[in-house]
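One chain comes next, on its own, written out as structure tokens in the form predicted alone.
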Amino acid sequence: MQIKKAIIPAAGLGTRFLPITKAIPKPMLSVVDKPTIQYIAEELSSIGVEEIIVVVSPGSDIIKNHFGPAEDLEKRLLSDGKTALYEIERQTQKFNVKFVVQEEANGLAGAILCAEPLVKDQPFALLLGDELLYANKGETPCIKRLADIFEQTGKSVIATMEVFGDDVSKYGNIGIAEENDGVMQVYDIVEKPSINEALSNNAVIGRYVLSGEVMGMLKTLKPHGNEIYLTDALKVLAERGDLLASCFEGERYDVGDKLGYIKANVALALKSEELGSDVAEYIKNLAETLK
């Protein structure tokens, strides 16, 4: 079954990035010249989803404006003969984006449930805004690989990577029963375990393709305080043999972390046709001063 719906949770407060996130939602922070949420929308182009549902907090008009029309700007760019910049601006409007508001800060599962009226019982892609997964030329985008596995097997599938040491406790963690051609059968999942409690070195990262039943499961699960955990639904799938995991090609950047955000800017600036050589030269010269 083809994935036609995608959810991007974008309602977090972004407190680690204060004071900039006092006025600008974290998904709108720029990596080089594009906000992180646009990179994620572009990743979704690889699977041709029909609708992207962005879950926002109250008053997040900046995100809506970014994906909406800008008639005065377009007229000015065209009148000034800046057609290349006009085309860049128009690219932000090519996505079919719908917005839903998460009124209560009740976690990831709460954000997913906000999109339920639009998703209903259909399978959906879930992409977390704190993580950029960059596929280089010739590599398969992460969400494309997950969607292909889902369409071949009918099972929910999550992206994973190996982590070690203290990083094990920063992520959801999966137990793997078997692996075939890079696709892993998941038998259990735990949320941010201690090193001693970890099932493996395989962490859950922010890309998922989930079956339609997951939305219904989230509505029936017992909450933890004021939150429902997506992990609880995934654990049920794992115990039933209905959850797979896959590694991915390309590079992952944790843009929800200040150092990770800086790394993403440097790495993608180096890949830029416009800036790459100048940035590389600057870094080489800067490195000389650090010896």
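Since the model is a prediction, treat every value here as computed from it, not as a measurement. The numbering used is simple: start at 1 and walk along the sequence shown.
Beyond what is shown, the protein has a form predicted together with uridine 5'-triphosphate (UTP); the following relates to that form.
Exactly one listed residue, out of A84, V101, L73, A105, brings a non-hydrogen atom to within 4.5 Å of uridine 5'-triphosphate (UTP) in the model of the complex: A105.
Heavy atoms within 4.5 Å of uridine 5'-triphosphate (UTP) in the model of the complex belong, among the stretches 209-217, 127-135, 169-177, 88-96, to residues of 127-135. Put simply, L268 is far from uridine 5'-triphosphate (UTP) in the model of the complex: not one heavy atom of it is within 4.5 Å. Contact check for M184: every heavy atom lies farther than 4.5 Å from uridine 5'-triphosphate (UTP) in the model of the complex. A residue is said to contact a partner when one of its heavy atoms sits within 4.5 Å of a partner heavy atom; K235 fails this definition for uridine 5'-triphosphate (UTP) in the model of the complex, lying far away. Taking non-hydrogen atoms only, T15 approaches uridine 5'-triphosphate (UTP) to within 4.5 angstroms in the model of the complex.
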